[in-house]
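Presented as structure tokens, the chain that follows is alone, the form predicted alone.
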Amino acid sequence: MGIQTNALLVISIPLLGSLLIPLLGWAGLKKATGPLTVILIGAANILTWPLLLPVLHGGMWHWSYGLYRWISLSLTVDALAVFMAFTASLIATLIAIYSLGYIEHTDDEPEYYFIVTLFLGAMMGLVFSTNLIFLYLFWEIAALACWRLIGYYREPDYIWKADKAFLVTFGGAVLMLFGFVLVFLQYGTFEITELRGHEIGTVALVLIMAGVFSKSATVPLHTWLPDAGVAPSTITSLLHAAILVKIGLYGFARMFCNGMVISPRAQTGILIIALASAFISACAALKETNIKRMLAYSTVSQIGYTFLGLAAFTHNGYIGALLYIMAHGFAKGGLFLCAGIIEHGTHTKDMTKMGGLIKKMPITAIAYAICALSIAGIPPMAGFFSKWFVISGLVEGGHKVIATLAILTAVLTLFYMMKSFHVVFLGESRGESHAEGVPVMVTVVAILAGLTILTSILLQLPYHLASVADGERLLKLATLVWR
């Protein structure tokens, strides 16, 4: 199977396969929709494996099919795309398996699984696309899926929060589209590969960053993400760990780390916004008592941290950002799925009404502790090395003050993660609690905790892939073009 065919299958299997799921529901085979989702998403992940070795050896492939004048379906298979596709589809596969135990008693299983599979398909389409119009198209498909999933339980308050998330991200995306149009008017192309090395205008940059920051829930466009905690825990895990907020990070990396050039003044502005987002949301997480909102503020903070690495535009910063995307994906996915088990067992999200759960949920407690240590950046966890690279990248780029404040933010992360573990799992029980429950759910959080440890042990492999994905090295790689 060729590289081109592989990439197309990674996109089309979840994107088009999702259409089979409602058909099964209409045919009365509702219980088959979950296993089909696991198969479709799992197949997308398996198909990324054969792409790893070629890109690790420095390969980069570009394929473009003209549709109408300046609109082309352009796909690029390179280290950045494969890194993101592999990480997102692996976490999404585990979340789909977890869903078999989490969603089994609801009435809308076909709709849930259809949107989840479509969501992953949109992510796969976005990571391989290098045409700004198609990037925007997949960006908006993900927004629609997010809107539907956040309001999954259909309570009036939940629907309002889903609408809020859609309006913020959609509004930002529309501004981003206007920015793309300005880029086209300036350079006559929507192809990111043809824009590489060209400096983007200030107005176009501001418009594009409005879309990036709204999608990645960066302060002050972050408020929709903590509110999204009303969704099922599997959905919040998808939003925070696998797909949605990672779209903004990927878009920035693809457009600016490996594409267009921004001015030093604009770079400084982005770094300041990213640092403010990381610090302010870490403070909010420290005060939060709702476990899912606390984890949501943590995500906002860690996304800001990752932006620091990307916007440093240095070798170490770029590697650290990509490593943290993977480390954060495994760890935050595990934390949100642990929160799902806790919520099922205690019937509350309020941490002050928990306590002593390590006695009844020992596996969940261990998994939570492992994932929390990685997010907090405790050595030898992968999160530590990722943050170290980000900070060293900032120093490498001459941003020593920002690097110092980033260290302070990392200390705050340690505080609120350890506080949450202590309140939830240690001390005396302060409310109702049951045993861990559905084995498939516990197994998945154990796997994610295991992947968090495995990433630390085998750090050299994602490090090498991130090194190949570094923007400066990509410029030197040979490109094979199919037309």
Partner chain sequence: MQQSMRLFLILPLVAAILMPWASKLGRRIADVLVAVTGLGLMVLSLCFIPYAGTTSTFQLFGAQFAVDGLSLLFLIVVNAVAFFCILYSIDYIDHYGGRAKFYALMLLMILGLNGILLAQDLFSLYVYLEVASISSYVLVAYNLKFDGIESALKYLLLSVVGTGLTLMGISLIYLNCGTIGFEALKAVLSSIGIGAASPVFLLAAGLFMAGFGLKAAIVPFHAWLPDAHPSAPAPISAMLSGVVIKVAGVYSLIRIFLYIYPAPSQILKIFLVLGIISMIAGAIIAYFQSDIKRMLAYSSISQIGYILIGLGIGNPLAIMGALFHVFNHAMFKSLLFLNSGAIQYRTGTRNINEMGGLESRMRVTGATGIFGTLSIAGVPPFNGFWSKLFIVMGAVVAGKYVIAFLMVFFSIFTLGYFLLIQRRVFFGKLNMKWADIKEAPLTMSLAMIFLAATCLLSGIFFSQVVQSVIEPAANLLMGGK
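Residue numbers count along the first chain shown, from 1. Computed from a prediction, not measured in an experiment: that's the story for all the values here.
The next section is about a form of this same protein that is not shown, the form predicted together with its partner chain.
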- its partner chain isn't shown here, but in the predicted bound form which of L412, L144, I280, I366 has a heavy atom within 4.5 Å of it? L144
- Item | Among the candidates F213, F86, F190, F128, the residue which, in the predicted bound form, approaches its partner chain to within 4.5 Å (heavy atoms) | F190
- Task: Go through 280-288, 320-328, 177-185, 296-304 and give me the stretch that gets within 4.5 Å of its partner chain in the predicted bound form, heavy atoms only.
- Result: 177-185
- W70, heavy atom within 4.5 angstroms of its partner chain in the predicted bound form: yes
- Task: Find out whether any non-hydrogen atom of L167 is located within 4.5 angstroms of its partner chain in the predicted bound form, and reply yes or no.
- Result: yes
- Verify the contact flag for G340: yes if a non-hydrogen atom of it lies within 4.5 Å of a non-hydrogen atom of its partner chain in the predicted bound form, no if not. no
- Taking heavy atoms only, is G229 within 4.5 angstroms of its partner chain in the predicted bound form? no
- Along 117-141, which positions have a non-hydrogen atom within 4.5 Å of its partner chain in the predicted bound form? I133, Y136, L137, E140, I141
